[in-house]
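In the form predicted on its own, a lone chain appears below as structure tokens.
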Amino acid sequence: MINIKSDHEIELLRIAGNIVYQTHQYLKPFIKEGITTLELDRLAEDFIRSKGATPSCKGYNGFPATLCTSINDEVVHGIPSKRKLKNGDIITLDICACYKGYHGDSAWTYKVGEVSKEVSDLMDETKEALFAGLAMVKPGNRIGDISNAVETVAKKYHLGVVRELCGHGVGHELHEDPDIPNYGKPNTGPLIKEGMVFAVEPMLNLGSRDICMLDDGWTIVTYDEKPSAHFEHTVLVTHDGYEILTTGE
């Protein structure tokens, strides 16, 4: 069931989303060669708790950390460790925070030093796909319109579209209905209505769409070991469009 959020719930979701945004901004200066993903995780947890929130991911279905830290060919759910970032890496920080029972969720892919042009292009093109999807968020459209817009951008740039993972509703639970695939047909799927809150999150690969899971039971990687980028915002459906909740505006 897709929940329509009350004004009170929306205000809590705005605060949770803003805390996620602030956490991204706080961590950006630390994303440098030599830092470990575990150090980033500790910084993130301390910051989120300092804002009166808790890390949504820590303990979620047994996940052991605050951040999902996915490097290069890791698509999602990378577990923070003593691994040090290197010049030329890209890293996705997927950050989720819970404020008074409501969640914010946003992932962003960052460069570590200088990256290759094809990797930089992958990041730009995945971000373009995110905002193409968001442009379809308005009452009267359908979830398939979002999915198709993301897929259209991916096809334009010949990127692999991860199909096994998708966007989702956000609210009192971190993952709610509806599922929002990054591929699909326009004018299909659930009707978009004012008051819905969900996360749109393209995960696009420089190579094929095929993925597999590592032995840790969490980290998803590209099968061909080529880089993957991931950009995500949580949005509220307004009367004539959308409001990004995971922002500082």
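The first residue of the sequence shown is number 1, and the count goes up from there. The structure displayed is predicted, hence computed values, not measured ones.
Although it is not shown, the form predicted together with a small molecule is what the next lines describe.
For the small molecule in the model of the complex, the listed stretch (61-69, 35-43, 208-216, 22-30) containing residues with heavy atoms inside 4.5 Å is 61-69.
Contact check at 4.5 Å (heavy atoms) against the small molecule in the model of the complex: all three of 77, 94 and 232 pass.
Of the heavy atoms in residue 138, none are within 4.5 Å of the small molecule in the model of the complex. Shown alone here, residue 142 lies farther than 4.5 Å from the small molecule in the model of the complex, counting heavy atoms only. Residue contact with the small molecule in the model of the complex: residue 175 places a heavy atom within 4.5 Å of it.
Contact check for residue 168: a non-hydrogen atom falls within 4.5 Å of the small molecule in the model of the complex.
Site annotation in the model of the complex: the residue of 53, 57, 196, 180 reaching within 4.5 Å of the small molecule with a heavy atom is 57.
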